[in-house]
Every structure is written in C-alpha cells, then in structure tokens.
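The data below hold one chain only, encoded as structure tokens and taken in the form predicted on its own.
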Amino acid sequence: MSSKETILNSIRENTITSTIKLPETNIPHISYENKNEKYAAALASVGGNAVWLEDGDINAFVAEHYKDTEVIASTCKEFTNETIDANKPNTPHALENVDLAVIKAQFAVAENGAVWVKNPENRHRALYFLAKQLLIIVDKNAIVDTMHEAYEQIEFNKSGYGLFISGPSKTADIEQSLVIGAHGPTDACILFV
C-alpha cells in the first residue's frame, strides 16, 4: 500500500460522520406593504436606481436614457438594438470595451435591492463585471420580500452559475469610505417591465 493510500485510509477510519437534523426554517419573515418602494429605497442606498417601465419598450428606453452609449451588448431577447453580440467572441476579453450590458434577472429582493441573475444563454459571465454600466431587466411582478424567499426560488439543476447583483460595483475597504465603480460597473439600473 502506498503512503497516499495509507493516509487516505487513516482519514476514512477516523472521520466521524453523523446526520444532524437541520433546524426548522419556517419562521415568519418580514413582509413589506409596498415592495416597489422598499426595493427602490434599498437599491438607491447602494448606488443603483430602479425604474418601472409603463409601455415595456426596452429599446426606446435605452435610446432615450443611454443615447451617448456606443458599445451595447445584450443577452436579453426583448432588447434588439445591441451593437455587438455578447456571445460571439471566443474570449471574454473582447467585451472589455462594453459601455452598456443589457441583461435579464429572474427576480428582485425588496429587503436589500438585489436581483438574481442566472442566464444560461450568456456565454461569458464576465460581461456582468466588465461593462461600464448595467441595465438589468426584471418582470415587475417578480419581487420577493426577503433573501429567505429568494433562496427558496434558486435552482441549479441546469446551469451552475448564478449571482445576486445589488447596484453598481462598490467597495468601502479604504478608510470605510464608499467608492462606486471601484472594480466593475459604475452604474446599475434595474428596469421593471
């Protein structure tokens, strides 16, 4: 028997395994009377902004609010005015000059202003971090109250990558002073349609 096998067998023999029943988590959670107001306030507190689009025309919204934007990449099927195909490059490095990324989120969380993004159609997840600005599209009826509810909706059956995004990139490491856009997007708008 090799020394590797000896070590592994020793670990197996001395590892204590027991099944411990997990605690009950069906406790009552916060419920907000107006989820839209709470979401907008939470997102604003971390440097983002929330907009509710009445007519649902994402192309017109981008043309009006991002008219000086040159390089637009999108993984959102409802948006058709992208200037580059986000999935076409073989390497994510080709996305380094993206001014605006239009992406879709599955739902939003009122308590902290986050959105859950799990987009298996997106070839390069670096798009979320390389773009200078993010426009994240969310169904206006897809707002949950708390992270407890959010975790109940998360699934990883098909695609293994997902993340919560809450506002633009930020850090407060240096003298506990908040810096927006320190290592990623400088602006994040959540567009409810």
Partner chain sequence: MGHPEAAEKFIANDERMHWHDKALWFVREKRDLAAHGIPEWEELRRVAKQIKTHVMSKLDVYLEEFEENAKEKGIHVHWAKDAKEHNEIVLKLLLNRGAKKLVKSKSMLTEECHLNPYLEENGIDVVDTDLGERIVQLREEAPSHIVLPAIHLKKEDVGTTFEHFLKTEKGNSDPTYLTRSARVHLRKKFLNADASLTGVNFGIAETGGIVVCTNEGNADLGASLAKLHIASMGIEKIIPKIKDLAVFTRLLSRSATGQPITSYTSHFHAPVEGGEMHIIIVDNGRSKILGSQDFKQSLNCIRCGACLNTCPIYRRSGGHSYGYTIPGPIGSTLGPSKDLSANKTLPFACTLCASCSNVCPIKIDLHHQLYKYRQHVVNAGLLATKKHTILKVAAWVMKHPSLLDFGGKIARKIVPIMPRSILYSSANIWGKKRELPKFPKNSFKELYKQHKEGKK
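Keep in mind that this is a model prediction, so the values were computed, not measured. Residue numbers count along the first chain shown, from 1.
This protein has a second form, the form predicted together with the partner chain, left out of what is shown; the following refers to that one.
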Tell me, out of 37, 139, 57, 152, which residue has a non-hydrogen atom within 4.5 angstroms of the partner chain in the model of the complex. 152
Is it the case that residue 93, even though its partner is missing from this view, gets within 4.5 Å of the partner chain in the model of the complex, heavy atoms only? yes
According to a 4.5 angstroms non-hydrogen atom cut-off, is residue 52 in contact with the partner chain in the model of the complex? no
Report whether the minimum heavy atom distance between residue 111 and the partner chain in the model of the complex is within 4.5 Å. yes
So in the model of the complex, is the partner chain close enough to residue 158 to count as touching (4.5 Å, heavy atoms)? yes
Considering only 52 to 85, what residues come within 4.5 Å of the partner chain in the model of the complex, judged by heavy atoms? none
